[in-house]
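Just the one chain here, laid out as structure tokens, in the form predicted alone.
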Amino acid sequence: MGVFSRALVLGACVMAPLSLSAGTAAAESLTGEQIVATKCGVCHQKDTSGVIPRIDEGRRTPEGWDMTVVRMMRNNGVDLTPEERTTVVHYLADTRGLSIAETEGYRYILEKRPVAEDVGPTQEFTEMCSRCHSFARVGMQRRTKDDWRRLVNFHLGQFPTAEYQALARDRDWWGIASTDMVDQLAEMFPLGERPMKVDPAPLSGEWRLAGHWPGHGDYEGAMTATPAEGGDLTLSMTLSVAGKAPVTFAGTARVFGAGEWRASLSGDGGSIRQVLARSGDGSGLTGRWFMVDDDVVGAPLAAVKVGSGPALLAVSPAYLKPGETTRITLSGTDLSGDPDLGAGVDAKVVEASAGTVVLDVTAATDAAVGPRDVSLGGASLPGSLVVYDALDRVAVEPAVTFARVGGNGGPIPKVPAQFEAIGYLNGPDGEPGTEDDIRVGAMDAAWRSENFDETAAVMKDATFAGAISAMGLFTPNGAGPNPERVKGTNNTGNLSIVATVADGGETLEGTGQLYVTVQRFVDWPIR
């Protein structure tokens, strides 16, 4: 069964996640403003200046507001129907959200990009915040100083063992948390001004899409967005990977506040979600799509609206060698004109349309090695093509990550890990692993897993933890005690993931680390 046809599996959770692209409530239902005034206002009463305590003292992403609303329902008995929950979260995200710029550097946690750990900007922040959740969860909030202080108090009241979990018995933990940390949080993430709500109507129309799907290759596609009731957008989308049949999806999207795009789609490819950010002029979207039941499986996405002017989205493949001819596809919108790939590289047009231009590209034997811009008419994509003669090294990405055992009759499915082998040049300084290294791109590789260290070898982790496919997808084994292991332990493990890449007459290897661990029993929208 292909990844696009995986069945929807709901793991154990406190409440089912909010459908951020659901339609609006019935006409007779309360508006978001009315829900805040009547149901939230029972406890959060306006002060003399008209400020609603806590509600007007913070700003969050749509997922952040949903977590707040769910907590009010679960802990404080706020009685909301599913429709009212959706309505009030939409309203709060629209009126008390973040700008796209304020989320930069932290969006990976919304997009469910696989990461091994998420540390704070300082050791102190890591110890105080990131031992229990990602620092991105902190960075995607804005609060008054008083509200940051209340959040610290909430943590101690709600999680009385927080001091122990933070390994903080060797210091004045409460003094640091209630003073120093509050001061720093208020300075780094002040409440600031609410961004203006963006009218989603201009986002309707035809879109061109492109991206790289780890384990599968580069893809391109098209999406049509049409206005629907209540400000939603009805979507139809097709994605195509070279050499494979296109997959189609249909669903609904909504744009929150200053440009947060959320969509749920399904079709012959299964059920997916999109978490995207709107560009300032509304002509572009960037982010990631992922499977509903398996968010490790997915891909970055870049989109540009047809008719917004010439734009290049992707170059595939994104590298070639001197003295060789490679067929390269340019994807974008409103494409026309002659291609320009820089000195020493000749491009012959094989096929051309407004969305796709296919080239036969030949690099001269003396073509300069390194990244170069690709231009076509009025569109260009800086540094999108790399000329290289030989790879200097191969890196496994992600360098460190997690997989989770599951299934085996239990309610929580396995969580796999997707790896890619990325070729690199050492750059001008000739040293590997420095800032001037040149990323060539994803390479075909042979994959294997090994015991990471002596402890893993003694426990035979590589035998019991799972297996990696030819596409770099590691699938862990089932959950539950394994009587074949020492002391009947679970199928967890500490593994090295090794990629072997053939480049010309050379063979290179790269190694990453994979922790195969236990299930995530509570999985909030922002981890």
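The model shown is predicted, which means the values in this text are computed figures rather than measured ones. Don't overthink the numbering: it's just position in the shown sequence, from 1.
Only in words, not in the display: the form predicted together with a small molecule, which the text now covers.
Peer 1: Exactly one of R448, R71, R393, R171 has a non-hydrogen atom within 4.5 Å of the small molecule in the predicted bound form; which residue is it?
Peer 2: If I apply the 4.5 Å criterion carefully, the residue I get is R71.
Peer 1: In the predicted bound form, which of the listed residues (T365, Q123, Q158, S353) lies with a heavy atom within 4.5 Å of the small molecule?
Peer 2: None of the others qualify; the residue that does is Q158.
Peer 1: Please identify, from 245-253, 71-79, 287-295, 212-220, the stretch that has a heavy atom within 4.5 Å of the small molecule in the predicted bound form.
Peer 2: Going by heavy atoms within 4.5 Å, the stretch is 71-79.
Peer 1: I'd like to check something about A502: if you look in the predicted bound form, is any of its heavy atoms closer than or equal to 4.5 Å to a heavy atom of the small molecule?
Peer 2: No, A502 is distant from the partner.
Peer 1: Answer yes if any heavy atom of L30 is within 4.5 Å of a heavy atom of the small molecule in the predicted bound form; otherwise answer no.
Peer 2: No, no contact at 4.5 Å.
Peer 1: Would C129 count as touching the small molecule in the predicted bound form under a 4.5 Å heavy atom rule?
Peer 2: The answer is yes: C129 has a heavy atom within 4.5 Å of the small molecule.
Peer 1: Going by a heavy atom distance of 4.5 Å, is Q141 a contact of the small molecule in the predicted bound form?
Peer 2: Output for Q141 is yes: heavy atoms within 4.5 Å of the small molecule.
Peer 1: Would you say all of R113, L301 and Y319 touch the small molecule in the predicted bound form, counting a heavy atom within 4.5 Å as a touch?
Peer 2: No residue of the spot touches the small molecule in the predicted bound form.
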